[in-house]
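Shown here is one chain on its own, the form predicted on its own, set out as structure tokens.
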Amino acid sequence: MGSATDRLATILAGWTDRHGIRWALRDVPTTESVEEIASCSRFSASELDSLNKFRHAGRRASWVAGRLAAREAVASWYRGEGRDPGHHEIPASRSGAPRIEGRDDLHLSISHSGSVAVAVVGNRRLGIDLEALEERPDSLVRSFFSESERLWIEAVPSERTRRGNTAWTRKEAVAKLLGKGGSLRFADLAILDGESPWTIESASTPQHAISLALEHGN
């Protein structure tokens, strides 16, 4: 892993200390190597069924990296419990979101962008989203953000790209927490501090924006 993932690891380590999550990062394999990696990774029939829904080689590579990161994050959680990390199946739930076979008390979220995949595990509902920093078009900002969110994104012109991507990752992370995917109206998901009913952490590196959304703890 390179400096980009090192920076993300530092961010995730800080969130671990505050929220008790476990996480893992994986480099997305090359499209030439993904089938060999998948064949050696002991994926279950259910997992392979999810993988085989993707025909595009890049999507398959991202899926494999995300599932391997999820295994590492789950194993880290088990070690924290003082248990054998073992081998864990990560099938898709009815909504399509990943879950941990046999552990309904734990929650899992996966995201990937470009060459990096990330997975987080916790004992309350959560969602993670990772995006490469890129300019978000005005039409997207108008369609998917509330007025207060648009004002926040536009408040500092030199920060517009970073803020736009950060706000988008917050929306995506909350959508994953809720587990409702495309049925949600993103503009209705309040994601600014002081407005949101969820705990949301966000950070950025020169390459990425990343956000973690969690249900409020006890």
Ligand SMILES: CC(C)(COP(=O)(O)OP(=O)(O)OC[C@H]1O[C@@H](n2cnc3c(N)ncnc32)[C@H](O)[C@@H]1OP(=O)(O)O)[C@@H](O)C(=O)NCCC(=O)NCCS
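The model shown is predicted, which means the values in this text are computed figures rather than measured ones. Start at 1 and count along the sequence shown; that's the residue number.
There is also a form predicted in complex with the ligand; it is not shown, and the following applies to it.
Taking the partner from the other structure, the ligand in the model of the complex has a heavy atom within 4.5 Å of a heavy atom of G96. Within 4.5 Å of some heavy atom of the ligand in the model of the complex lies at least one heavy atom of G179. Taking the partner from elsewhere, H112 is found to have a heavy atom lying within 4.5 Å of the ligand in the model of the complex. The ligand is not shown here, and in the model of the complex it never comes within 4.5 Å of any heavy atom of I37. Stretch-level contact analysis of 59-67, 39-47, 26-34, 157-165 against the ligand in the model of the complex, using heavy atoms and a 4.5 Å limit, identifies 59-67.
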